[in-house]
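Laid out below as structure tokens are two forms of one and the same protein chain, each shown alone and named structure 1 and structure 2.
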Structure 1
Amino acid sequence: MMRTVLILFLCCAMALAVVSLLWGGRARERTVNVIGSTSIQPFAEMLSEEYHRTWPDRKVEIQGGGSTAGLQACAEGIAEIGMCSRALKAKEAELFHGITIALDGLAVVVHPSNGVGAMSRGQIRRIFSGQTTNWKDVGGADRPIRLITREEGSGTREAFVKLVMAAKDNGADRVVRISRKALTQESNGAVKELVKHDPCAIGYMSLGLVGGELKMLAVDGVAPSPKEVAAGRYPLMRPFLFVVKGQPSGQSQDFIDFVLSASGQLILEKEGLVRAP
């Protein structure tokens, strides 16, 4: 009996190896593959669901993996569309064509019990660079400030650095580094969870995902809301990109058109994003 089991196992493994090698290169079924940023993924899933409901015979598959994985997959032809939550780098911009599908505001969030309600970008910059370390210096209670930031390379962080940390000190442009003492979290949900329970914390996150449990600071006198972002008054925002290489195929173009159409944009708006300009 022992031997039969072993031989069976062996055969299974061999067969699998052969199958995988023979069929490995087989062309995949014609669906539109969309791969990339995990920040855009949930929204893209909503869009693909609605798309599939409107045209049941057309299929779009949404995958996460990160902006870079998305671009790489797009370059290799594994995906027709990449999702990117940061601006394309110069080298990437030569290779790909980016389509802004929506704008997303960045909300600076604190614990609901925090007395501070508004700050200027300069104040926020001093807090995140580690110069201001106590809430009483910005008009709050006597508590240490606990910084929460996002990981290096995340679209949210890059937008934050570009819009807040880039200072015009003495007329010269320079980017102030975020303090190395800042806690780093890898998702909007994680930032939210931390800020929700810690009265000392300050963080920044996607406006669409804040919900009602956190307090959002007004920045430079403007309270964050999709309306203010759309009007261009709220200073912190970033684009969500769909990225294609060369001319998109008919099917991908069709999906992109749907996303940019009134009904596609309405879905995104309902989720707290802002229409693409």
Structure 2
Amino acid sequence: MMRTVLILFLCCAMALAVVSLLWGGRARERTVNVIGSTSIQPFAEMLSEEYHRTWPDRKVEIQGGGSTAGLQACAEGIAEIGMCSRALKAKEAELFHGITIALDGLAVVVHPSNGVGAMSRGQIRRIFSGQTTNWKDVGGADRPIRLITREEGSGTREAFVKLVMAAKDNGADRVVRISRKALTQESNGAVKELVKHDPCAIGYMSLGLVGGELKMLAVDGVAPSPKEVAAGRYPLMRPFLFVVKGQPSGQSQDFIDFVLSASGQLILEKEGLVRAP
């Protein structure tokens, strides 16, 4: 009798262990890790929440860290999907497949009290390189210019460098360095907070995250807006990418399909981004 009870107990324990392993495997399969750009992060979080509401048994974990960190996480298998807020470089495009989930304008922002409303890319370049140091030199008040930039490895910074700091020098392309005097911040939110409280500051950030607390400058005569980005007229425009290595898993592909669906694109559009082409 005792032996029979012991055998039954061991069988039940083994069955529970198998069920636990199978369920744990399914739980892991149902969680997709998405890591990368802090510009894309808040939009991805909104999409993840809506995706989970539609399919409660599926979960998507969103983490920031920057575009470079997202690509690295994707390469190392830590994340199924990386987020990158710039176009892939040639070598990156050989390793990863970039999926454009939206287009974003890169807004150059100042304090609402700043009298300057527009600049050329050349003027912005001279400011961020440290050549122009006073607002009066670009039509503003006699005040020093305080530069706010993003950290190395940020997709927002790399897009800004490509779109603004690149220049022609005797017919050859060259990139002007951002001044070392610029104050470096690690997120769009941090840039926004500093510019919002400093009448002398200038920074750059995602158009979709500016809100109504900052003043956005027209660039080369075009005011930043989703409409101008969609029309291709606003000069500071970049893609928001989901990046994968190889073929996405079923769950990862499901989330990507949701983001690219009409309902997913509508969420992004309502937040100030432009639908994927």
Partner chain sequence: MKQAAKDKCISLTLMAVAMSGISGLALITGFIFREGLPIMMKVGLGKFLLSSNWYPQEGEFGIFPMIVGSVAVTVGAMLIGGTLGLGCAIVLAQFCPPRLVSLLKPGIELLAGIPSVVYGFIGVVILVPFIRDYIGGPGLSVLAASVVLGVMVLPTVTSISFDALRAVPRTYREGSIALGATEWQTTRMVMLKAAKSGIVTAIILGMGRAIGETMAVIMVAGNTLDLPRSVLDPVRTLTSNIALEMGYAAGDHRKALFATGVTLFVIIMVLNTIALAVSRRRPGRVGQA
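Here, a residue number simply tells you its place in the sequence of structure 1, counted from 1. In this text, rigid core is short for the largest set of C-alphas that superpose within 1.5 Å between two forms. Computed from a predicted structure; not experimentally measured.
- Here the chain appears twice, and structure 2 is the form predicted alone.
- Both residue 150 and residue 229 fall in a single rigid part of the chain as it moves between structures 1 and 2.
- When the larger part is held fixed by a C-alpha superposition, the smaller rigid part turns by 12° between structures 1 and 2.
- The shift recorded for the CA atom of residue 65 between structures 1 and 2 is 4.1 Å, with superposition on the rigid core.
- For residue 252, the displacement of the CA atom between structures 1 and 2, after superposition on the rigid core, amounts to 2.6 Å.
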